[in-house]
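In the form predicted on its own, a lone chain appears below as structure tokens.
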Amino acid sequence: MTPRPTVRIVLADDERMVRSALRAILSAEPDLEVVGEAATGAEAVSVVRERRPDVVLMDVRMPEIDGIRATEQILATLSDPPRIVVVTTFENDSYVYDALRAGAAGFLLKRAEADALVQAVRLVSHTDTLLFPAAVRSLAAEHARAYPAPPPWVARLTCRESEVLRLMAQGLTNAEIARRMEVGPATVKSHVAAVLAKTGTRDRTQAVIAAYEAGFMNAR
């Protein structure tokens, strides 16, 4: 069998014991490698720039700059940024929502089982999916803005682009969307790029958040 490619991971959390526990779980897997740690948000940005991981597990509450600002800086300054997963104690934390709006690929609860942690890291490293879309929907509903009217981008989406955005919000990858729509992966990739351009978002997580905030997901 062909071995899995090694996933390079950076751990960012201000508690040494948390980092040690995460390292122990992840390092036990042959295809996962922890290549760096950070105890502050500023340190996380520096370590990520130096080590260039595939995945970052990012605590949201850290000294100097928090995980939200760190996420924004990483995604804004690296041409090929890693997938960032927020690690949090409470799933309805407003910090989590802000991190998702900043472009995090999803989140994990600190009480998650070891198997769930490992599978989540593998999932975000090998696919373009959104972690826990149902929870993202719940957070978006709780923090939704009140728009007097739908943003202009809603009317600019084609029927196909609208369908792609709805499937993205369900957590489907491009390959899964292609199978669902019975089109080629390149076509889906083109639709996703158009959705990002029209919504004015950098990545699919931000596009999904924008869709919920605009009331697009409730429209028929």
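Position 1 is the first residue in the sequence shown; the rest follow in order. These numbers come from a predicted model, not from an experiment. Think of the rigid core as the biggest set of C-alphas that the two forms share within 1.5 Å after superposition.
Omitted from view is the form predicted together with the DNA, to which the following refers.
Asks: Which one of Leu32, Val45, Val192, Met62 is close to the DNA in the predicted complex, taking close to mean a heavy atom within 4.5 Å?
Replies: Only one option qualifies, and that one is Val192.
Asks: Please determine, with the chain shown alone, which of 54-62, 22-30, 37-45, 183-191 has non-hydrogen atoms within 4.5 Å of the DNA in the predicted complex.
Replies: Checking each option against the 4.5 Å cut-off leaves 183-191.
Asks: With the partner left out here, check for me: in the predicted complex, does some heavy atom of Asp14 sit within 4.5 Å of the DNA?
Replies: Heavy-atom contact with the DNA at 4.5 Å: absent for Asp14.
Asks: Evaluate Thr173 for contact with the DNA in the predicted complex, applying a 4.5 angstroms cut-off between non-hydrogen atoms, and reply yes or no.
Replies: Looking in the predicted complex, residue contacts with the DNA include Thr173, since a heavy atom lies within 4.5 Å.
Asks: Answer for Leu196 alone: is it within 4.5 Å of the DNA in the predicted complex, judged on heavy atom distances?
Replies: Contact check for Leu196: yes, within 4.5 Å of the DNA in the predicted complex.
Asks: Spell out, yes or no, whether the shortest heavy atom distance between Arg69 and the DNA in the predicted complex is within 4.5 Å.
Replies: Outside the cut-off, so no.
Asks: Quick one: core overlaid, is Ala38 moving 2 Å or more at the Cα between the shown form and the other one?
Replies: Comparing forms between the shown form and the other one, the Ala38 CA shifts below 2 Å.
Asks: Would you tell me if Arg49 moves between the shown form and the other one by 2 Å or more at its C-alpha, with the rigid core held superposed?
Replies: After core superposition, the C-alpha of Arg49 moves less than 2 Å between the shown form and the other one.
Asks: My question is whether Asp203 is one of the residues whose C-alpha shifts by 2 Å or more between the shown form and the other one, given a fit on the rigid core.
Replies: Yes, Asp203 moves 2 Å or more.
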